[in-house]
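Just the one chain here, the form predicted alone, laid out as structure tokens.
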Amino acid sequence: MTGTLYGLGVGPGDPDLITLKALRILQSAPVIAWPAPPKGESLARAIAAPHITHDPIEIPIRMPLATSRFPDRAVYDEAAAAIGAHLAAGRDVAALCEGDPFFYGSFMYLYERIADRFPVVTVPGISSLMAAAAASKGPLAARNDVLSVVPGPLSVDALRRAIDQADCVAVIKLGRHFGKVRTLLAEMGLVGQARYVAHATMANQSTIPLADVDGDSAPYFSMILVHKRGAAWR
């Protein structure tokens, strides 16, 4: 009997937002793996920490942050080999992922390497998109609205096309691209219909109208929500 790899979505930041299913698996898994920057704390591990009540074997997956090297295939190859050894020995492994494993989640790179050799179960989690909408006190979409999720690193022309074609938009992965996105939204006359959310559900959560945001950069864990009617219920 081999072990099973579980991809656990642990939610956007608040430890209370982990699902009951993910909690049950987390607390019984003899091995847990988690993504992290080259140095420092893992957000996924920090979210799960209050719920880890046993003493599992832990596999950190430390990934370079430079976009030119992400995803670093060698890092995921090594992680998959380490996880595979535990699975082959009959030990289940819980791989933690902030938000949802298959919504821009790093778990997909483990899944690619392991799913054809061992059983894999993906446990969905509350994504940052849902958390940001709740934090901003406004629905994302209604009726027949077209909702688009748009990565901030896209070119200005690609961003403009995506925003033009949607009724409501979530711009993610802002970081150093924040100024570019805000300038474009101003050119399109949409700043007044845009909300900025950073660190949704975390202790340092910030939710303000986009027009009131200072500076030209933003945290990685932030997004801009735009609804062209101003609010979905209109």
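Predicted model, so just to flag it, every value in this text is computed and none were measured. Quick note: we count residues from 1 along the sequence shown, nothing fancier.
Not pictured, yet referred to below: the form predicted in complex with a further copy of the same chain.
Participant: 62, 183 and 223: each with a heavy atom within 4.5 Å of a further copy of the same chain in the predicted bound form?
Facilitator: Answer is no for this spot.
Participant: Taking heavy atoms and a 4.5 Å cut-off, does residue 217 contact a further copy of the same chain in the predicted bound form?
Facilitator: No.
Participant: With a 4.5 Å heavy atom cut-off, would you call residue 16 a contact of a further copy of the same chain in the predicted bound form?
Facilitator: Contact check for residue 16: yes, within 4.5 Å of a further copy of the same chain in the predicted bound form.
Participant: If we define contact as a non-hydrogen atom of the residue within 4.5 angstroms of the partner, is residue 100 a contact of a further copy of the same chain in the predicted bound form?
Facilitator: The answer is yes: residue 100 has a heavy atom within 4.5 Å of a further copy of the same chain.
Participant: Taking heavy atoms only, is residue 173 within 4.5 angstroms of a further copy of the same chain in the predicted bound form?
Facilitator: Flag for residue 173 set to yes.
Participant: Does anything in 118 to 139 come within 4.5 Å of a further copy of the same chain in the predicted bound form by heavy atoms, and if so which residues, in order?
Facilitator: In sequence order, 120, 122, 123, 124, 125, 126, 127, 130, 131, 133, 134, 137, 138, 139 come within 4.5 Å of the partner.
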